[in-house]
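What follows is a single chain, given as structure tokens, in the form predicted alone.
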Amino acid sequence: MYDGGKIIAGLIIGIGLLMSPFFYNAGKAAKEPERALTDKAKQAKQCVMDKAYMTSSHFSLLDEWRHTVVRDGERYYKRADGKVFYKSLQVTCMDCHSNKANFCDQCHNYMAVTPYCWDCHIAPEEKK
């Protein structure tokens, strides 16, 4: 094995080239987007559930709502404190979070997810 030094040098250079994007981006994580709330959402001060749950698991709530509305015909959701909400993405959610580009799309792009909400629902027009 007369070329051992060349092989080891080649491996070190190859691994260095493969790892260079990780070294280049170290410590440069993208900043979490600011959620743009409408005045109505700011006045309400609380969503259907608390902020932590809605940030991490709103998709579970919407999926549950979809199943209960379509399969069971249950159109209303009663929160633990007794407040009742109409189970509707466009009527309930988009009433407070009406700016889809600044609210929904920013976070979904940041998390690199592509929800299929707008396959069935009509995407809202941005209010000016």
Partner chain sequence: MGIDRRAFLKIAGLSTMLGLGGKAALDVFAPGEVEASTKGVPLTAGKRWAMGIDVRLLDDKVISEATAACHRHHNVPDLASAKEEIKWIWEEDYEHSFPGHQHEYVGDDIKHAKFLLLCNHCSNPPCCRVCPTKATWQRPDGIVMMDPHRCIGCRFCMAACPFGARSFNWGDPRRVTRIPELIAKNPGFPFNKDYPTRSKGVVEKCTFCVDLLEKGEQPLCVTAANKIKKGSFTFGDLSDAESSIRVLLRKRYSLRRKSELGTNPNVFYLI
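Positions refer to the first chain, counted from 1. Just so it is clear, the model here is predicted, and its values are computed rather than measured.
Missing here is the form predicted together with its partner chain; even so, the following discussion is about that form.
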Quick one: of Asp50, Asp72, Asp39, Glu34, which gets a non-hydrogen atom within 4.5 angstroms of its partner chain in the predicted complex? Asp72
Of Asn99, Gln46, Thr55, Gln90, which residue is found within 4.5 angstroms of its partner chain in the predicted complex when only non-hydrogen atoms are counted? Gln90
Taking 4.5 angstroms as the cut-off for heavy atoms, does Ile8 touch its partner chain in the predicted complex? no
Flag Leu18 as yes or no: does it have a non-hydrogen atom within 4.5 angstroms of any non-hydrogen atom of its partner chain in the predicted complex? no
Heavy atom of Trp118 within 4.5 Å of its partner chain in the predicted complex: yes
Who in 61-81 is close to its partner chain in the predicted complex, meaning a heavy atom within 4.5 Å? Leu61, Glu64, Arg66, His67, Thr68, Val70, Arg71, Asp72, Gly73, Glu74, Arg75, Tyr76, Lys78
